[in-house]
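The chain below stands alone and is given as structure tokens, in the form predicted alone.
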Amino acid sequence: MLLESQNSSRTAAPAQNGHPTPKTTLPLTSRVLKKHPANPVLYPGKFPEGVMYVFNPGAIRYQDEYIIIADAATYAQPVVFWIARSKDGVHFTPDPAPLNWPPAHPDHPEDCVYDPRITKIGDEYIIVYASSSETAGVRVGIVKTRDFKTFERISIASEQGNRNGVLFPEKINGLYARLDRPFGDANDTCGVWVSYSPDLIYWGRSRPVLHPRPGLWDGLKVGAGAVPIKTEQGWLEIYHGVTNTGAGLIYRLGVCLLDLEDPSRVIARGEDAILWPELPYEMVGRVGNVVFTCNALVDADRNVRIYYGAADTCIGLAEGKLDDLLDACHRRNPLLLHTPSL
């Protein structure tokens, strides 16, 4: 079952801070996700002076509000984490300054942080993110908070050449589990792996999960996106896939189902993308032709909200039904002459 047709026209946010988003008309078509008419819901003009781009947010419901932790690129070029808050999930107000990030690990001086995923376990919120160091490369970092005011470092939790870390919302067979995308080996195909830990510090038992599918929208590389959603069918993972074209790379979102007890086992994987760049604010920006997610929030009515980075410049909101996303995991494309392997 698909959602109702997407609205054929919308008026985006007014031009601010040098980032206009003109009114755009789209054809009526049935989609698994529909983009909110207020998009982009967050853009640099809403932030204090000095922020050039905002993108790729982690998101969570905390007490009576929605909290986004966004990548914010400043005039000085580094990306820092910046919190924005909303009562209705559409109208966000950024904090006056970047969040108070804990000091860097002594063995891994952080030059840049980006792409946070927020997982609630007990009364703690675990933030898994990409920690970049000019001297030590990109690694998976883990920080925790209880109130989104003070933050405590847990670990730098991977070897060099790893990002897209995403923590499962519960232990699996007594161990913490995370998805990530190691790319340190030159022969690696930039796929998704799963690893396990007793304490969020030491990680191992790594196994491959997803690989790119040549000839499809995710044929070049794939990476974990949202925190996995536990369902009656398995772990629903919303991931990003990349393909290369004559005009450059295109980032899209897709869905798959992973086994509840063994997330390295793929139960189903949809052949079509569920979200793709098509509007000006998604196609033109710091990095063009990109939609990218680090979150998916499910409410009691099984509605799903996804806050996604658009062209590494602003943030959009896409909404759908959990059951439609599950159906999309099993969907085959009738135009394909063969079924690609999982």
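Everything quoted here is computed from the prediction, not taken from an experiment. Note that residue numbering begins at 1 and tracks the sequence as displayed.
The discussion below concerns the form predicted in complex with a small molecule, not included here.
Participant: Please tell me whether any heavy atom belonging to residue 53 falls inside 4.5 Å of a heavy atom of the small molecule, as the geometry stands in the predicted complex.
Facilitator: Looking in the predicted complex, residue contacts with the small molecule do not include residue 53, since no heavy atom lies within 4.5 Å.
Participant: With the cut-off set at 4.5 Å between non-hydrogen atoms, does residue 292 touch the small molecule in the predicted complex?
Facilitator: Contact check for residue 292: yes, within 4.5 Å of the small molecule in the predicted complex.
Participant: Would residue 287 count as touching the small molecule in the predicted complex under a 4.5 Å heavy atom rule?
Facilitator: Yes, residue 287 is a contact residue.
Participant: Taking the shortest heavy atom distance, is residue 163 within 4.5 Å of the small molecule in the predicted complex?
Facilitator: Although the small molecule is absent here, residue 163 would touch it in the predicted complex, with heavy atoms inside 4.5 Å.
Participant: Can you pick out, from 114, 235, 168, 125, the residue that has a heavy atom within 4.5 Å of the small molecule in the predicted complex?
Facilitator: After the contact test, the surviving option is 114.
Participant: Heavy atoms within 4.5 Å of the small molecule in the predicted complex: which stretch in 170 to 178, 114 to 122, 81 to 89, 98 to 106 meets that?
Facilitator: So the stretch in question is 114 to 122.
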